[in-house]
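Take a look at this one chain, the form predicted alone, written out in structure tokens.
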Amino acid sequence: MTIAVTGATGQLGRLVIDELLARASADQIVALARDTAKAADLAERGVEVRAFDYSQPEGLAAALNGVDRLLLISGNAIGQRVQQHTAVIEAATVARVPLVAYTSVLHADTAKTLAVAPEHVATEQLLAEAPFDVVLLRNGWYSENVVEAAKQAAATGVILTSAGDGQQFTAPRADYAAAAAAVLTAETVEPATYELAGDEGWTQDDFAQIISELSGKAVAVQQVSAAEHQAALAATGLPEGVIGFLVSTDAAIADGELADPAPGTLSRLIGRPTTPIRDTLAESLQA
């Protein structure tokens, strides 16, 4: 059985490769990378490296030759991802890949506010029409996404937010990578949708308390409206696109779109509890 991973040199992709190497022999793994030079260390570990650029569809099918299970890690070019994912799906169809797993977002089908959801929904629809088996790995928010915000809060003593009392059930990339590897290396893989998130949710008040305890500095939460949040961020000189993303993310949190009403699927897949947000923040904030 041959397992291929797109975006193999990216933050999530590398972790997936590491997890696969712990579960399967290197000669079963194919690392698909836009820049193969960045995957030289993977080649040294016995992993086959193939060139694979979402934006160059003409070479994708050949790169998938002989692949039995493909992990399509969603691209990071927001606004271009549907086109890029379409190219990969078409290539997998031509190469007759039997199964494709895709890293979507938590509860993509019901998300109405989360800015990244529409491209995931569009990709899921394309996959539903494809001639191969599909596994949807709907990943919740990465804990790493809030590390910089935590550092800023420790420095300023304030968390400015419009997320209200909404919860986030986050987990670090390593946990999601372990889940992907567990699915891809299972003896039998059936088409399925996995809603993946941390075992426990946390609010902005919880976030502030954790930051305070780890940094030794008092941090207060300042709740504002979405309009006030947008104006405050604009005053800092942030680009409009970044402001829109941050404010819409807080709106999604307030609406419960980054919460999981039935957590536990991720921990069951990886065979252990998910990593608490405190552990992710500890290295950066420990006093």
Ligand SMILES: NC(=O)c1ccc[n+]([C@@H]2O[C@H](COP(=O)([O-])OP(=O)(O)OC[C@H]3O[C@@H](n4cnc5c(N)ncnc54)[C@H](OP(=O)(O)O)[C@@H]3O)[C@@H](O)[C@H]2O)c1
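When you see a residue number, it is the position in the sequence shown, counting from 1. Nothing here was measured: the structure is a model prediction, and the numbers come from that model.
The discussion below concerns the form predicted together with the named molecule, not included here.
K.L.:
Each of Tyr194, Ser248 and Thr265 having a non-hydrogen atom within 4.5 Å of the named molecule in the model of the complex: is that the case here?
P.N.:
Heavy-atom distance to the named molecule in the model of the complex: none of the three under 4.5 Å.
K.L.:
Give me the residue from Thr185, Gln84, Thr203, Ser215 that has a heavy atom within 4.5 Å of the named molecule in the model of the complex.
P.N.:
Going through each option in turn, the one that passes is Gln84.
K.L.:
Among the candidate residues Glu228, Asp255, Asp53, Asp68, which is the single one with a non-hydrogen atom no more than 4.5 Å from the named molecule in the model of the complex?
P.N.:
Contact residue from the list: Asp53.
K.L.:
Choose one stretch from 153-161, 207-215, 132-140, 93-101: the one whose residues place a heavy atom within 4.5 angstroms of the named molecule in the model of the complex.
P.N.:
Only one stretch qualifies here: 132-140.
K.L.:
Answer yes if any heavy atom of Gly75 is within 4.5 Å of a heavy atom of the named molecule in the model of the complex; otherwise answer no.
P.N.:
Close contact exists here: in the model of the complex, Gly75 approaches the named molecule to within 4.5 Å, heavy atoms only.
K.L.:
Could you confirm whether Arg45 comes within 4.5 Å of the named molecule in the model of the complex, counting heavy atoms only?
P.N.:
The answer is no: Arg45 has no heavy atom within 4.5 Å of the named molecule.
K.L.:
Though only this chain appears here, would Asn145 touch the named molecule in the model of the complex if you measure heavy atom gaps against 4.5 Å?
P.N.:
Heavy-atom contact with the named molecule at 4.5 Å: present for Asn145.
K.L.:
Do Gly10 and the named molecule come within 4.5 Å of each other in the model of the complex, heavy atoms counted?
P.N.:
Output for Gly10 is yes: heavy atoms within 4.5 Å of the named molecule.
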